[in-house]
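First comes one chain, alone, set out as C-alpha cells in the form predicted on its own.
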Amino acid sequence: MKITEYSLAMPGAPALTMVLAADLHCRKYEKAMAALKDIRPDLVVSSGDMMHNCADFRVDESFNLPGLTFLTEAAGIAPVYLSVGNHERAMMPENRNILAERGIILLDNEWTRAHGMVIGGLSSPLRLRYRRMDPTPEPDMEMLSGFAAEEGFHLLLNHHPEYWPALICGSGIQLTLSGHAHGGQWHLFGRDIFAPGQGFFPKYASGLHRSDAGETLIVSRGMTNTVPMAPRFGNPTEFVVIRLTGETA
C-alpha cells in the first residue's frame, strides 16, 4: 500500500491533518490501520465503499465486518466522517444506528460544521448492481447547492469523481475528496485505463486536480483490489494523507 501525502495551502482552511480512507470494500486493513496509528491525524474522512455489500451489514453488533471494524478502530484515533458510496446505498436505519453507536458520523446528503469547516457528504445515487459503462445518475442537486451556499471552508466527501468537472467545479466548494475509480485499475504509460462512469482513459481516476479558481479535487486510488478478473497493474493501493496548512494559497 502506497501512502500519498498532499500539503494544501488554501484560503480559509483550518490547519489540520486528515486521512482519506476510500474503497476498502471489506478487505484486509492492517497496513492501513498501522499507518493511521503512526500518522495520528486530526480527523479521518471516507468517501465511501468501505463496506462491500450492505446485505452483509448485519444489525448484530457482534458481527465483525472489516469495513465497519476499520472505521470503528479509526474512531478511537480521530473523529470519523463517512459519506455513502454505491456499495453502501442499501443501509437500513438499524445500520445507521450501529454507525452512530460506534462513533462514526454518517453524512448522507447532509452536512455539518466541525473542525473549522463545513463538511458535507454527497451520497451515491447508484444501486448495488449497475453497468460500469453507464453514465452516473445525477446526485441530489438540492443538497449540493445548499451545501455550497453555506459560509466557510467547504470539504465535500463525494464518492464519484466524475461529478466534479460537471457539477461541483465552479460552485465554490474548495475541496472535494473522492474514490470509486480505483485508480483506473491498470496504470500504463502514465495513464489510468478505465473507471466506471468515465470510461477508458479517465481524467479523474486518481491524483490532485485544480480548477482555475483554485477549487481542488483529490481522488484516492482505493485501499484494496476488488476486480479479481482484472487485478491492479502499475496501480498500488493507496492511503491518502492531506495536510491543510491554514495558509493563504
Partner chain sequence: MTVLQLLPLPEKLSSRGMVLYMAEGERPETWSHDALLTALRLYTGRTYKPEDVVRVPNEKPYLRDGGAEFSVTHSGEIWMVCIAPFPVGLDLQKHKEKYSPGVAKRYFHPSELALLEKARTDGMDLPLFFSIWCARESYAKFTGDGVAGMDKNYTTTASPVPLYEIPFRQGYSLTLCTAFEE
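Treat the numbers as computed from the prediction; the structure is a model and nothing was measured. Residue numbers count along the first chain shown, from 1.
Same protein, other form: the form predicted in complex with the partner chain, not shown, and the subject of what follows.
Answer yes or no: in the predicted complex, does the partner chain come within 4.5 Å of a heavy atom in every one of R96, E151 and A166?
Affirmative, all three are within 4.5 Å.
Given a 4.5 Å cut-off on heavy atoms, tell me which of 97-105, 138-146, 175-183, 68-76 is the interface stretch with the partner chain in the predicted complex.
Selected range: 138-146.
Proximity of G170 to the partner chain in the predicted complex, heavy atoms at 4.5 Å
Yes, G170 lies within 4.5 Å of the partner chain in the predicted complex.
Applying a 4.5 Å heavy atom distance criterion, does W111 contact the partner chain in the predicted complex?
Residue-level check for W111: yes, a contact with the partner chain.
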